[in-house]
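Only one chain is included here, represented as structure tokens and corresponding to the form predicted alone.
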């Protein structure tokens, strides 16, 4: 029986399905009990004990808890453990990520734990190094674990957080009411919760932060899309002034140093809004627990040290749980455990089968003499193309910007013809854009994809010998990729051209008809992804 976890990567929390996470947590529960009761027989069921398995820690950003948690988890397993000295590595000589990790994978290293300021690194390496391993017939496919990438995600922190919530929930998954407090803008641990909390059937999330530190809008949208009940509060004081208070509080450290001089001038006020003082203890529900990914700021802790010796302290156990969860995860990815798993496996949605270029040519249109006027103001052209219904219903200025983008992306600037904004025949007072190019007759499938990506909802008429030979209507593609002039606008993304990593930009459509980068998950509208 094959193991569904071997060779898998955990770049974002959704790389593990809800069922897979429940499996991991149940195994972690068994492991933790065996560890605390010194049950060696059970512990041996988790130990990899295989020197052919190599685990490599690559921390390109400072870390203590995550790094040491993984180091001790790897030591438990009795495998080859290596550490890349980032200060003296080839990264400083301009070597690409792919070349570095391809080389390390060739030296019988199978699991890579990576922390980086660049976002989406593990997703890219999972693609590039897996292809390298297959080309070179390596014995094992590499796995990549994201130990935190920029402001993006921290999936293993999310796993240990979820496990701790479950412990304090009696391992029930029916409901969770959680207050997230602090720097929700920069905190990758809270960003992972936008998808991670789907573990629970019913979720209430109270976001406590001033506007300067509030959760980015696309994570808010994701929470609501996932069915969470979301409420926003400016401060702890405001939150405790109402009656529906969570029994689980998750604090994060304000990273005000990232936000410029204006914010630093107001830091005392901002910190006060998201730091616990204890004067409202009487308002907390019975059994309330505080959590924190740690470390706390030694001068400005959001949870003061006097809380450590109270029943509110859930963060120390939360930190300890990190080692147990990571021991279990490593055992799964190495194939030591997992063969008994029978649930759903997390797989990327395959949207490619969705048709977004529809040929609507009809016999009437193909008959001679039917194309006397293709659209308002357009005299018949004998050979060429007419792109109609561009930006229908938008303002004239928006339509003109859309037409300029179409002309640029489809390389139509040097062709004869024209373009203008016209009134719509089917909607009174509405505008639409029209582009016509006499003499342009060939439109490949790739060009049709580009047209759909920049002008969803338009109609392309291909005219030959005075007839409409073909007519296509376009819709937003489910994915956009394989174009050299695509670019993610997040300059911290591994795919951003400034990093010269040669990562091809790739975007996936959201339910709101926007596009997210496949690596860093930054949201864009369809016009923003073109260089």
Ligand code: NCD
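Just so we're clear, the structure is a prediction, and the values are computed from it rather than from any experiment. Positions refer to the first chain, counted from 1.
Not pictured, yet referred to below: the form predicted together with N-carbamoyl-L-aspartate (NCD).
Peer 1: Find out whether any non-hydrogen atom of residue 255 is located within 4.5 angstroms of N-carbamoyl-L-aspartate (NCD) in the predicted bound form, and reply yes or no.
Peer 2: The answer is yes: residue 255 has a heavy atom within 4.5 Å of N-carbamoyl-L-aspartate (NCD).
Peer 1: So in the predicted bound form, does residue 295 come within 4.5 Å of N-carbamoyl-L-aspartate (NCD), heavy atom to heavy atom?
Peer 2: Residue 295: yes, in contact with N-carbamoyl-L-aspartate (NCD) in the predicted bound form.
Peer 1: Whether residue 164 contacts N-carbamoyl-L-aspartate (NCD) in the predicted bound form should be assessed with a 4.5 Å heavy atom distance threshold; does it?
Peer 2: Looking in the predicted bound form, residue contacts with N-carbamoyl-L-aspartate (NCD) do not include residue 164, since no heavy atom lies within 4.5 Å.
Peer 1: Does N-carbamoyl-L-aspartate (NCD) get within 4.5 angstroms of any non-hydrogen atom of residue 189 in the predicted bound form?
Peer 2: Yes.
Peer 1: Quick check on this chain: which one of 289, 450, 432, 115 has a heavy atom within 4.5 Å of N-carbamoyl-L-aspartate (NCD) in the predicted bound form?
Peer 2: Residue within 4.5 Å of the partner: 115.
Peer 1: N-carbamoyl-L-aspartate (NCD) isn't shown here, but in the predicted bound form which of 77, 273, 389, 154 has a heavy atom within 4.5 Å of it?
Peer 2: Looking at the other structure, the residue within range turns out to be 154.
Peer 1: Pick the stretch from 169-177, 154-162, 219-227, 280-288 whose residues have a heavy atom within 4.5 Å of N-carbamoyl-L-aspartate (NCD) in the predicted bound form.
Peer 2: Stretch 154-162 is the one.
Peer 1: Could you run down 481-515 and flag each residue that has a heavy atom within 4.5 Å of N-carbamoyl-L-aspartate (NCD) in the predicted bound form?
Peer 2: Sequence-ordered list is empty.
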